[in-house]
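In the structure tokens that follow, the same protein chain appears in two forms, which are kept apart as structure 1 and structure 2.
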Structure 1
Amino acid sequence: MGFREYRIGSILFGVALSSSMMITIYFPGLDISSVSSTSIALEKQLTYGKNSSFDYGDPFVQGKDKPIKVLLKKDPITGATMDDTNAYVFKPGTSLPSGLVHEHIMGAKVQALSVSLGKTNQVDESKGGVFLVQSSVKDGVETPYIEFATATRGWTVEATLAAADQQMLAGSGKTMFVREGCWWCHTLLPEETHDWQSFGRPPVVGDFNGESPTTFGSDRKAPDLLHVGSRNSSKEWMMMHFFNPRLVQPHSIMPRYDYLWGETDKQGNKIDLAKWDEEFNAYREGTRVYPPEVPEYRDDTEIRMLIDFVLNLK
């Protein structure tokens, strides 16, 4: 190096860089990790599973390796009616979310309750199982926790899926949301000021434990979607809007997602996009009175997953 100054300089450089990382990574990391999950965070973990982007379980980002969210109106085992309950079904082998695998994700109290009341220590990824989000009130403080219903109530994967009123592939849908780049235009993060009125409640710190990736989005060319399901819960509207947003919003700049329908529609007919376009153009030019029909989608399509995800954003 030659000069003594450069030795000193290099050492100073190291000191400066490490202390900057201490302040910008280590301290915030400690601070953020000390926050306990809210029930929203637990629901998100159970809905979205381990990871919503590239991962061993889903190397081609197709929404594989994800749990199913179901709506139950009766107990799957006894058949007794009960209040509407959301349960999260992990088929055998489905990767578990971080909170169920690692100690320090959910927060100490939530973790302790999930083990003592929820029996989550009995979970085995290779056998799968059914989960619920519960909360316990002690001394006026409400603490959410995860219940492993397969251990506590004997709810098996098959029985729960059979008894389910509705199955939502919202976890796979989040993968679609990530892959299709919806978050280049939409945010999932209402801001703390006026957005409250138009887009709903901003999230709080504990809402994110265990979620990955969070896809807040940095660029808002379109409405925030964090609570879109409570503004608009119409499946038909979503279907038309995703097939061609200009069907319902003539001035929208949102891309068409018609390719997510796959080759055929629900009835097994081939979807002819070119013909649809022709009819749609005729409608736009006024030579046709009604717009062409949007084909119904099959239950195993990517658009089904995406719509389930969007409608689940309450």
Structure 2
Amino acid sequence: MGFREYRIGSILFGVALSSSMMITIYFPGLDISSVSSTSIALEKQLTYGKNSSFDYGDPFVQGKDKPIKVLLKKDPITGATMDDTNAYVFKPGTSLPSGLVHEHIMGAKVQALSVSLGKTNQVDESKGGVFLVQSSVKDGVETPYIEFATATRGWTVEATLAAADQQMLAGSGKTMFVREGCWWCHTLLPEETHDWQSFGRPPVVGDFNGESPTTFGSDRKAPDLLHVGSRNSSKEWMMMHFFNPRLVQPHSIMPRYDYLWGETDKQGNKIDLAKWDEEFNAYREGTRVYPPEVPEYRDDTEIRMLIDFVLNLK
């Protein structure tokens, strides 16, 4: 009987902790799972693919097993001119996002339209395919859905890539964003304060269905990047910023990412970082008029992936 108080206290502590976890995690989880995907969530799923961090399809976190986002200005089959259209190409064997694998992820209405109008029930991961984000309006309510264009329009992977006016490796780039720790300083979550004026519209719950991980960030030491592609769409500026942030902001604390260029530039010339640093130091000291040129990256480099991801944030 001497320890009766401790037993009661332990039981009460357990009840309080369990109740707290139910209130803060379980019940909000039920609410979140009942929210339908927005068009932004569908675009994210089709841009980023299955997972943007460690995954069995990409164990060394190199941006593999990812779809390709393309800009189309003509029909891949007929060649007819069309309005600028974003399409999402999954090569054969590329892992599908959770919205195309688990029925409850997108929401009941979005799922139903994706099957009835978009023919997503015909998707075969081993064969790959091309996807679009569409919307349907009924009784004044607009509902987004995914269209499997390979089934509805006959767009094949090969024809779509060949017809693409632009290809973006933003899905692989998000993996770089996570791997390189960019979210330790940059958030992707403007707050409902004066952030509206500086960083753009805060996201809503339905914007994150099926995204893994969300990369909200936890400590903003640098600007929010959720809509940065709308504020700054210059690839050249991004190249300078990632190669050496001090080129564009002398007091920046951001680390250099010049190693993501690899050993050679786009022309196949070896990148001499020691010489570049020597010329840059001369520029900072005032003995050189212009800073050294930043090497143009090859199309298969990790920096291309990362910059594609950042420019895709709109």
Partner chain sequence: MLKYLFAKEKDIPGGSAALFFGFSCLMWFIVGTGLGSFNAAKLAFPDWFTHSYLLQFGHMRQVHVHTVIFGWIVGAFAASAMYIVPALGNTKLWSEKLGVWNCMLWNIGLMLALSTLWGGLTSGREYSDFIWPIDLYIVIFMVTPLFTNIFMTILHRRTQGIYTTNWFFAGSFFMLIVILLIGNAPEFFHLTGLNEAYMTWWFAHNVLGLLITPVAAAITYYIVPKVTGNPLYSHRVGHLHFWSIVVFYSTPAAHHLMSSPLPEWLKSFASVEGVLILVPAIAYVCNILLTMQGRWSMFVENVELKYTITGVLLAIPLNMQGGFQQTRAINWYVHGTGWIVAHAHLALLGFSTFAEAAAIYYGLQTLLRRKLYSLSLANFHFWMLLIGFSLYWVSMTIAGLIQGAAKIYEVPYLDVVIAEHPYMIVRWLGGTLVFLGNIVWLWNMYMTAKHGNKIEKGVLPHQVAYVR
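Residue numbering: sequential along structure 1, first residue numbered 1. Throughout, rigid core stands for the largest set of C-alpha atoms superposing within 1.5 Å between the two forms. Only a predicted model underlies this, so the values are computations on that prediction, with no experimental measurement involved.
S.K.: Just verifying the output here: the form predicted together with its partner chain should be either structure 1 or structure 2. Which one is it?
M.R.: Between the two, the form predicted together with its partner chain is shown as structure 1, not structure 2.
S.K.: So, does Y290 move by 2 Å or more at the CA between structure 1 and structure 2, with the core held fixed?
M.R.: Stays below the 2 Å threshold, so no.
S.K.: How much does the C-alpha of V15 move between structure 1 and structure 2, in Å, when the core is lined up?
M.R.: Core-aligned C-alpha shift comes out at 4.6 Å.
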